[in-house]
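Just the one chain here, the form predicted alone, laid out as C-alpha cells.
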C-alpha cells in the first residue's frame, strides 16, 4: 500500500461521514414527520381493531370479533366488492382518458406544455364538496343537461343522478388529473425518435405503441393506476352525494362506524382491511414493473 493510498482512504471516510450527516439533517425532519403523522395513527388503528366498543367508548378487551363481524356479515362483503369494482372501473376509465391527453401534451404541447399541465390543477382551486356540488348542478334532475333536454321536448336522463354511473363519473372527474400527470411525467422523458425508427422498419402505429411506447412508460402508468385506484377504493363522499342508495360503499360504511354508530373498533378493523387491500394492489402493480425494460438500470451517472 502506497503513501498516496493511505492519504486518500481517510479523506474518503471523512467525505462519506460528512455526506451521511448532511443526509440525516435533510431527511431527518421529513422521516420524523412521516413516522408521527402516518405510522403512529396507523399503528393505533391496528390496535383499536382488536379492542371492543361499547356505548361509544373503546375498551382494551383483545379479541377478533371485529374481523369476524366484517368477514361474516354479508353487507360488508357487498360494500367491499362494490367499492372494488367501482375503483377498478374508474381506474380503467381514467387510464383510457388520460393516455391520449398526456401523450398529446408531451409530444405536441411545445412551450405550452407546462401551462397545460398546470391547468390540470384548475379543478383543485375549489374543495371536493364544491366540485361535487357542481356536478349535481350539471347532472341533477333540474340540472343543466336535463333542463336543456326538457326545454327541447326530450325526456330527462335519469341515470345521470343518484346512480352508480353518476358516482363513477364523479370519481373519474375527481381523479383523472392525477392519472394524466403521472403518465405525462413519464412520457415527457420518452425518446420519440424510437417511434420514427419503428416506422422506418415497417411497424404500424398501434404496434409501435404496444411494443415501445407502452412498456417504456409503464412506470408512470403504474403510478397513475395506484394513485387513482386506492383513493377510489376508500371513497365515500362522491358516492354519498352522487350515487344514491345503490352506491353505498365500503368507505361510507367505514365513516358510519366513526360517526353515527360509534363502533370505532369495527371501523378500525375495516380501515385495516382497506390498508391491506391497498398494499396488495401496490405489490401486484409493483411486480409488473421491469426496471430494465423501462430504461432504469440503477446506475447513477457521474
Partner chain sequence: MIAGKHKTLKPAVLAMGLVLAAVYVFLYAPIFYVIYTSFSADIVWPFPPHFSAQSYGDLFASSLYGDALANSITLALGSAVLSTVLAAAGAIGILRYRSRWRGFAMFMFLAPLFVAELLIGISTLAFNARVLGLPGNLYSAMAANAVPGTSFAFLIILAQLVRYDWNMDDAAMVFGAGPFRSFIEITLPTIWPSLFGAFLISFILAFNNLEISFYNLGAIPTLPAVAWGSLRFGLGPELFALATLVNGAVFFIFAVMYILMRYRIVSFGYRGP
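Throughout, rigid core stands for the largest set of C-alpha atoms superposing within 1.5 Å between the two forms. Positions refer to the first chain, counted from 1. All values reported here derive from a predicted model rather than from experimental measurement.
The form predicted together with its partner chain exists for this protein as well; it is not shown, and the discussion that follows is about that form.
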{"property": "4.5 angstroms heavy atom contact with its partner chain in the model of the complex for residue 251", "result": "yes"}
{"property": "In the model of the complex, residue 60 touching its partner chain (heavy atom, 4.5 Å)", "result": "no"}
{"property": "Non-hydrogen atom contact residue 113 with its partner chain in the model of the complex at 4.5 angstroms", "result": "yes"}
{"property": "Touches its partner chain in the model of the complex: residue 120 (any heavy atom, 4.5 Å)", "result": "yes"}
{"property": "Contact residue in the model of the complex, chosen from 201, 158, 72, 189 - any heavy atom within 4.5 Å of its partner chain", "result": "189"}
{"property": "Single option in 197, 210, 81, 144 placed near its partner chain in the model of the complex, where near means a heavy atom within 4.5 Å", "result": "144"}
{"property": "Joint contact, 67, 85 and 92 to its partner chain in the model of the complex, by non-hydrogen atom at 4.5 Å", "result": "no"}
{"property": "Heavy atom contacts to its partner chain in the model of the complex at 4.5 Å, residues of 129-165 in sequence order", "result": "129, 130, 131, 133, 134, 135, 137, 138, 142, 143, 144, 147"}
{"property": "Rigid core superposed: residue 205 CA moves 2 Å or more between the shown form and the other one", "result": "yes"}
